[in-house]
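In what follows, one protein chain appears twice in different forms, each by itself as structure tokens: structure 1 and structure 2.
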Structure 1
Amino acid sequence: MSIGHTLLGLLESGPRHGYDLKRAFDEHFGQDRPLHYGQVYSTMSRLLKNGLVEVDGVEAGAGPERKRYAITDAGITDVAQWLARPEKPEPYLQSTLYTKIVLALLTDRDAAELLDTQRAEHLRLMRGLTERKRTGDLADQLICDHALFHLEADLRWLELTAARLDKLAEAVRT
């Protein structure tokens, strides 16, 4: 996810302080991985330097001065271009899991056990996501569906690999 583009998009509704941007980000996108304040301010500094935002006002407070940021026309154009550009599908052609399975086979470890352990971890995560989806709002349901579909594909791959493990062992050991 592009943090800069996301913060720019949040600014399209009007100027905000860094604290407000962090809160809005975490509310909409950061349930599993909230932003750190330092990340917000370093990103805003970069966006300011690149002319994508401007300081709309500065307020004195008990602590450091609070800057209010506004998106510029260049920032609006940048967000529009980013939104229009499709994301590159990730084919996972060289996954860590595949690497572990091949290494297990090459080192005479139990690759089937590795697959079983991974399957159990996927199922554990899927149960948690299913519960979150059941009790969540529409945004949670959509986010969970996305993750669940990917995990289901992984499970199919785990089953297929388990079924072909003998052939894979033969292929990697020759």
Structure 2
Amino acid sequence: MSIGHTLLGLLESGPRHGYDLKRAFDEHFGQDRPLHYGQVYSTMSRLLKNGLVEVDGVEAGAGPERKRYAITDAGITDVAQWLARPEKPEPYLQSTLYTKIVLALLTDRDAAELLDTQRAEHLRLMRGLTERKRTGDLADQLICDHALFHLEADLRWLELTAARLDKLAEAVRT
């Protein structure tokens, strides 16, 4: 996720102070990992340098976080471009799960066993997400869905792999 683009997007609705931005970000996207003030500060200075935001005003009392930022036209264009650009699909080839499955196979362990354990763990997480969806607002639901679909995809891949490997193992053994 690009924090810069997210913060820019938040500025589109109107100029904000740095701490406002952090709060808004955390509220909408930061359930898993809240933003540090430092991240906001460094990101904003980079955006400022690129001319995507400008300082709208500084409150008396100084300190970097007292600056009020506003988005520039270039910034708006940049957000639009970012939103229009597809994310690069990430093959999870290097994921731990893949490593585990391959290892289980290599060490002649039961892939189904691994699958069941993993499914239970995944489901535990998914139940939490589902519960949060039940109580949360729309943003919550969207985020949880995203996670849920990813987790489900993991499981489906695991299931398919397990089924394939079982068959393969069977074929090898006989």
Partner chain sequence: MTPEGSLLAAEGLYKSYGVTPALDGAEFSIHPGEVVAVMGPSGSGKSTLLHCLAGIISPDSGTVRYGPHTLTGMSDAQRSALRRTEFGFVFQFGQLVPELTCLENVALPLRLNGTKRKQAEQQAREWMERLEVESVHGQRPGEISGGQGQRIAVARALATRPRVIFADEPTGALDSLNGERVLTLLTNAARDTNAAVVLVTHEARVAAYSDREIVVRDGKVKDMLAGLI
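Just so we're on the same page, residue numbers count up from 1 along structure 1's sequence. Treat the numbers as computed from the prediction; the structure is a model and nothing was measured. Only the largest set of C-alpha atoms that superpose within 1.5 Å between the two forms is called the rigid core.
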TODO: Choose the one of the two that is the form predicted on its own.
DONE: 1
- [ ] Return yes or no for A24: a CA shift of at least 2 Å between structure 1 and structure 2, with the rigid core superposed?
- [x] no
Task: Q118 C-alpha moves between structure 1 and structure 2 by 2 Å or more, core aligned - done: yes
Open item on the list: With a threshold of 2 Å on the C-alpha, tell me if E12 counts as moved between structure 1 and structure 2 once the core is superposed.
Closed with: no
Open item on the list: If I align on the rigid core, how far apart are the two C-alpha positions of R156 between structure 1 and structure 2? Answer in Å.
Closed with: 2.3
